[in-house]
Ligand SMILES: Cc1cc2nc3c(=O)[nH]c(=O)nc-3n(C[C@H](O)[C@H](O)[C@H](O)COP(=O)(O)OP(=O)(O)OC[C@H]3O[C@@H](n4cnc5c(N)ncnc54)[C@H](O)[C@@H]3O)c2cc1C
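The chain below stands alone, shown as structure tokens; this is the form predicted alone.
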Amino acid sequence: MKVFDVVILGGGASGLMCAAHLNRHSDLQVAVIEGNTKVGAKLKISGGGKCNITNVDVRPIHFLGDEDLIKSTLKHFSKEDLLRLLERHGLEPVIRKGRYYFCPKSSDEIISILKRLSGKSKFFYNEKIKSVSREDGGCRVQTDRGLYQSRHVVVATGGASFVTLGASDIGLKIAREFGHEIIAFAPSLVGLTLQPEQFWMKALSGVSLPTRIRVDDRVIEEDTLFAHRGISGPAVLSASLYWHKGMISIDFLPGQDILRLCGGQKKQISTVMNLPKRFSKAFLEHLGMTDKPCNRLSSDELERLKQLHEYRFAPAGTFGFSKAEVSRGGVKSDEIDHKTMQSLKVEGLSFIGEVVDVTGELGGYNFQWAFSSAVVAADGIMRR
């Protein structure tokens, strides 16, 4: 049996940051158990291999979950704290689209820093977690290759998306075994499939345009990408976080008024729309209209054109875990100490990152949550 002060389950963003923080600020003996052959698998592939680390605008409004927990966690280790840490170690993220922080060259840059900062930890690769139990005043972790004893176990096992990277719901199983209430994982930041009435969109595969999507009281402004299976792109992925079932509304021409654009014009409808021609043609056909000069539109046709700004429909479902960026759901936050990320049911057990019932929109929010919750947990362990 291997004995440590802290055993971290998972070598992803949250697990690495937790180990790094413990290594930098304490002499605790730390072990990281990772199911893959390398750490940071999700960091490696995210953002097209350049890793969208965080966002210019990191506020609780961009997350789904317990607002008090989100607010206190992001305050404890903020976006500014993260950027200062990375810059001190030679990484100055670049901003894209005025809001997204990326590694300038490759996601290997941030992985390298986290590996270096957690270098005092002992890493164990290719080990699958079987169970965690509470024994002899500490915790025991059983893997398929050995037994570990520690005073504290940090569950940083992530969600169920990216099965090809070894993702699973083992973190929820551990929580459930200890009596925690959990919310089952569901695909999130994922494309949405269509009802037959919206199949006209499938013919637009490859077309992208700026949109404003409303789901209940949430509004997302970003690009929508039409795909063979349905709709995707940044706006749809973020909107999927808040959609469970029921209606959504899409404004295909945000910031403009189609009736004002058409008013008295001799130009064709598709011309004043100033949208991709494939979209304009398909949308008009869907409305049962032909492209014509705006000054020849009837009052009924003008009324139908308003749907360009509020096209309401109910998606059929999602593209599933195989295409999801993250998993929504996790260990319920009211059973976690907000100041330490430790279980309120089991001494010496913490939950961080995606395994907690907090999920962010697309744009670096989930990595920021992973890093912030990891630091909160590490500081809680050191205080204890």
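Everything quoted here is computed from the prediction, not taken from an experiment. When you see a residue number, it is the position in the sequence shown, counting from 1.
The discussion below concerns the form predicted in complex with the named molecule, not included here.
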Mind telling me which stretch in 329 to 337, 22 to 30, 342 to 350, 35 to 43 gets its heavy atoms within 4.5 Å of the named molecule in the predicted bound form? 35 to 43
Close approach of Glu325 to the named molecule in the predicted bound form, 4.5 Å, heavy atom: yes
Answer for Ser240 alone: is it within 4.5 Å of the named molecule in the predicted bound form, judged on heavy atom distances? no
Can Val154 be called a contact residue for the named molecule in the predicted bound form at 4.5 Å between heavy atoms? no
Ser372 versus the named molecule, in the predicted bound form: is there a non-hydrogen atom within 4.5 Å? no
Which of His228, Arg96, Lys128, Lys120 has a heavy atom within 4.5 Å of the named molecule in the predicted bound form? Lys128
What residues, if any, in 10 to 24 have a non-hydrogen atom within 4.5 angstroms of the named molecule in the predicted bound form? Gly10, Gly11, Gly12, Ala13, Ser14, Gly15
